[in-house]
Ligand code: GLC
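Just the one chain here, laid out as structure tokens, in the form predicted alone.
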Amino acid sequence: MAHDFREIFRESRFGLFLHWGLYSLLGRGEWVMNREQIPPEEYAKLAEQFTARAFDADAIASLAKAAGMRYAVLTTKHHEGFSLWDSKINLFNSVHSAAKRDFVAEFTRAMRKRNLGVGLYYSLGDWHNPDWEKGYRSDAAARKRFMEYTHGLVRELMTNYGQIDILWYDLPQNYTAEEWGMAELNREVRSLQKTILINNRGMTSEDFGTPEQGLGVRRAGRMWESCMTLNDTWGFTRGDHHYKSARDVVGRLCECAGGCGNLLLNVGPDGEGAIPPRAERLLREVGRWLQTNGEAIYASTPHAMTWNLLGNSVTARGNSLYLPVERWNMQGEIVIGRLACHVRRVSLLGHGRSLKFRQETDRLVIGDLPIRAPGMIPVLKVECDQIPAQNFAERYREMDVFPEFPA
């Protein structure tokens, strides 16, 4: 029986993005064909070297699970036009490569085995197919062929691999939404996959927004997901050692949860399909943090706490408030202002014992804290007698008013 992924997505907070294709063999990023102007016929020869001997979907699913991720998205076809599945429409695919494997089938099976949501990325652009450019240059027959090709490929993905939870479009360039036939295509997708979520990169808004490398603009009530690289690049790039620290990733995860959104964190497997060892170590470290502090992240709701000097995010669940402390107070005491409810208990997640605290009118003073932060980003849990709120008394209001700037 199909599950409805919508609520799962809202509560998941953390997913894995995998950028992998022929470009991974060159190790110069996923735009290498375009940036270096490699002719399509020359680029296509990479398929003969694409053995993918190290790609292990089960190991990747296990790593995602260990990292605390709840779903994963695979680039089934990036802009290079190479399909990672047994396509009968696009013969430039992994089954016709040296690997002779259907990686979408392997990926979807492995994710479901570990109860992870299944997301398929599909680039609408296609540098390998000559009709992509011809159609853009006013060749009506080429445009018609390319749209039929696009719809056919998406139909294959939505038909041949069981329940798909997310369709993640990208690169809707050159054509209008009408020329793409996006409304018609998405109707067909939803008829084939009743509970699927579709992102906003197919020139229609659909189910969720996708700010890139940051939080971007968020609308109240609108689902969103920040896609972000673990280092500087999406596809595997030799020499890109500029990895975020586990603390950086946790901080961004807290920010996303604090805005009621998700973090889709990208890893680029190498040309043989292996996850870089440093990326694996970082993901496992984030997973250990979530084992202790996931209560503040999963299924949490944002809390509009202002004048918080501890960090960039505050979340809530029921009568509890969660404060990830990115800026630890070195004096052994933390003060939270304007909390307009009675506090029953304060603790640090993962440390069990209650902390000493006192309430002075609208100030909560928490003491008994270690001088050094216990962990990369500790989380304070403040349990109240009601849903936590802040007191914005009249005497503070003038200090809270800042000039507005154009959006």
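Just so we're clear, the structure is a prediction, and the values are computed from it rather than from any experiment. Counting begins at 1, following the sequence as shown.
One more form of this protein, predicted in complex with the ligand, exists but is not displayed; see below.
Colleague: Consider the chain as shown here, without its partner, and state which of Trp168, Trp289, Trp180, Trp132 has a heavy atom within 4.5 Å of the ligand in the predicted complex.
Modeller: Partner contact (heavy atom, 4.5 Å) among the options: Trp168.
Colleague: In the predicted complex, does Phe14 have a heavy atom within 4.5 Å of the ligand?
Modeller: No, no contact at 4.5 Å.
Colleague: My question is simply whether Phe146 lines the interface with the ligand in the predicted complex - judged by any non-hydrogen atom within 4.5 Å.
Modeller: The answer is no: Phe146 has no heavy atom within 4.5 Å of the ligand.
Colleague: Would you please decide whether Glu184 lies within 4.5 angstroms of the ligand in the predicted complex, comparing each non-hydrogen atom pair?
Modeller: Glu184 lies outside the contact set for the ligand.
Colleague: Find out whether any non-hydrogen atom of Asp232 is located within 4.5 angstroms of the ligand in the predicted complex, and reply yes or no.
Modeller: Outside the cut-off, so no.
Colleague: For the chain shown here without its partner, which stretch in 75-83, 242-250, 315-323, 89-97 has non-hydrogen atoms within 4.5 angstroms of the ligand in the predicted complex?
Modeller: Result for this chain: 75-83.
Colleague: If the criterion is a non-hydrogen atom within 4.5 angstroms, does every one of Ala64, Phe107 and Lys113 touch the ligand in the predicted complex?
Modeller: None of them does, since no heavy atom lies within 4.5 Å of the partner.
Colleague: If you look in the predicted complex, which residues in 36-68 sit within 4.5 Å of the ligand (heavy atoms)?
Modeller: Residues within 4.5 Å: none in this stretch.
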